[in-house]
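The chain below stands alone and is given as structure tokens, in the form predicted on its own.
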Amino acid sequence: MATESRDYTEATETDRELTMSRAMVEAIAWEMRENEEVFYMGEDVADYGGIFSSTTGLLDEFGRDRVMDVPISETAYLGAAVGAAQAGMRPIAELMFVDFFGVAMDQIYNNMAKNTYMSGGSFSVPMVLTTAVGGTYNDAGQHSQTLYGTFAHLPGMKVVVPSTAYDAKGLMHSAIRDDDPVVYMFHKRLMGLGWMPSPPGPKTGVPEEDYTIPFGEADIKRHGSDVTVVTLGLHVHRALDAASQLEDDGIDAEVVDLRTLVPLDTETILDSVRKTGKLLVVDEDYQSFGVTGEIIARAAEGALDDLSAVKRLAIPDVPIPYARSLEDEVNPGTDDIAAAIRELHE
């Protein structure tokens, strides 16, 4: 890198606010200016600018040699990205929806995630796989999943899930500079799109200079003493709304934003649980064999004596429904989180 990056541990005061999509693009553009080996490829990422505005403006500055639309063959272009990374480049390859991972899982897991190990460390795979996750906009069972647990379960990949513009920029800088493959999962509802309004929280102050956020460092978005709420992505904001609602009832909830699943900041979770004694885990992924169970298991292993009550909220083990009323029913909402916190507090 041509310049040293500042390592921010918390958001700095700034009057400049960005949406999460703009913060991501700003980090990508900075890295592309600094390193000619960084390039972006994916479906509808050039002329269209990404269907969730993940690449808006990059084509105008960097041209088609470095911002490339690809055929609808996830196996082909993700495989090309793996090869380019192994040859010394730093590709960013976008999987338009995480739900499409199945058609390219051999390239993702058997090549991208394993090739450094399989080569005995002879080469690294410094690439970023960006992908849109989440529902709340009636796109049904094949375009609405998060699949956090699926990717976090498979060794060899770092897994990043930003919830604010500030985190999105810092984590993107870290992802592009990392020498291992990183899966960067951005929630569509948080991107700040005109046709899919975000909740107020994701748009935050973002410094103009580059900065990194280290992987494996959760962020306590709200300090509290009564109940620990561990969550990520969209549900950070729903948890914050629920905690705010409960203030008048004298319930003080702490909200822990994981930010990265791999590596996972177990110590921050345990410290919070030791303080509150009560744990709620909220996830937009499926409940069984997922993030909620893993967090609870780590809390039990590391702070069992301090843990008096546990509860989890997640998507039931059903495909995401198309009908708005049914999708709202299966996706934990602010009222669901508030009720679960209240139940734990009793």
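Everything quoted here is computed from the prediction, not taken from an experiment. From 1 onward, residues are counted along the sequence shown.
The discussion below concerns the form predicted in complex with another copy of the chain, not included here.
Not displayed here, another copy of the chain is approached by Q145 to within 4.5 Å at the level of heavy atoms in the predicted complex.
I28 falls outside the set of residues with a heavy atom inside 4.5 Å of another copy of the chain in the predicted complex. Although the partner is absent here, D99 lies within 4.5 Å of another copy of the chain in the predicted complex, judged by heavy atoms.
Another copy of the chain in the predicted complex is not approached by I220, whose heavy atoms all lie more than 4.5 angstroms from it. Contact with another copy of the chain in the predicted complex, defined as a heavy atom within 4.5 Å, holds for exactly one of L246, A132, L270, L264, namely L264. The stretch among 204 to 212, 106 to 114, 248 to 256, 161 to 169 whose residues place heavy atoms within 4.5 Å of another copy of the chain in the predicted complex is 106 to 114. Although another copy of the chain is not shown here, in the predicted complex the stretch 141 to 156 places heavy atoms of G141, Q142, Q145, L147, G149, T150, A152, H153, L154, P155 within 4.5 Å of it, in sequence order.
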